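Presented as structure tokens, the chain that follows is alone, the form predicted on its own.
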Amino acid sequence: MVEKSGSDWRKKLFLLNRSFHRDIGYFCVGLILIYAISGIAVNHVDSWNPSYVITRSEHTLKHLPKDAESDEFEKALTKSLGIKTDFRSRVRDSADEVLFFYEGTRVSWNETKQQAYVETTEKRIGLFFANYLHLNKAKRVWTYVADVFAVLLIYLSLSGLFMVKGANGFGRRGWMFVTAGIILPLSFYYFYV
């Protein structure tokens, strides 16, 4: 019986690591894209709403019924503004204003000015879905999916250290890039936080 040398085991381990890294990397492509695109989107939340498109408009309507809290008024307001979504509720907000809530639309009616301020909210195609998952608004099962994904990312980052041998391997020059990548967030925290 021939005993295998240490270099054979290291070679097998190296090839096994490459195979796992490759296949897990393929598996994670979709999730990485969702989290990366959503990450860019929510990173600029001070400049825009990454999940919704919000449209505002103002309308002067002189021919509506007097009682803004009646069903008749609500139907006339809905028809005049061309709102197609379902009516949900209304509430008096102040002596002059009544709020009307529809699916995806909010109307503030000013009785004194006879003006309607309409705010319509629509989901951003694609981004709403990505942000919904990235921010874990789904909760429940998705929490565990996100945890597994985080563990796989940890594996990919560590196994990636051993993917290349020789002059471009971790021992020769890879460690410099890894060190730079660690120094970057630590420096930011030290100098800016």
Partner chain sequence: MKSLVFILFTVIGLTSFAAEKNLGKGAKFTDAVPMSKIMKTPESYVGKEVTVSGTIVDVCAKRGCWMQLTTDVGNEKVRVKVNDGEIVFPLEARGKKAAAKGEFKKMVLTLEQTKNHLAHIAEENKKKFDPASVKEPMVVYQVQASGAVIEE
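Positions refer to the first chain, counted from 1. It should be emphasised that the depicted structure is a prediction, and the values quoted were computed from it without experimental measurement.
The next section is about a form of this same protein that is not shown, the form predicted in complex with its partner chain.
*Asks:* Each of R92, E97 and F128 having a non-hydrogen atom within 4.5 Å of its partner chain in the model of the complex: is that the case here?
*Replies:* Every listed residue reaches its partner chain in the model of the complex, so yes.
*Asks:* Any of the heavy atoms of Y117 lying within 4.5 Å of its partner chain in the model of the complex?
*Replies:* Result yes; Y117 sits at the interface with its partner chain in the model of the complex.
*Asks:* Please check if T121 has a heavy atom lying within 4.5 Å of any heavy atom of its partner chain in the model of the complex.
*Replies:* Flag for T121 set to yes.
*Asks:* Would S70 count as touching its partner chain in the model of the complex under a 4.5 Å heavy atom rule?
*Replies:* No, no contact at 4.5 Å.
*Asks:* Could you tell me if H59 has a non-hydrogen atom within 4.5 Å of its partner chain in the model of the complex?
*Replies:* It does not: once its partner chain is placed as it appears in the model of the complex, H59 has no heavy atom within 4.5 Å of it.
*Asks:* Counting only non-hydrogen atoms, choose the one of 60-68, 160-168, 147-155, 133-141 that falls within 4.5 Å of its partner chain in the model of the complex.
*Replies:* Within 4.5 Å of the partner lies stretch 133-141.
*Asks:* Is any part of 37-74 within 4.5 angstroms of its partner chain in the model of the complex by a non-hydrogen atom, and which residues would that be?
*Replies:* Sequence-ordered list: V45, D46, S47, W48, N49, Y52, I54, R56.
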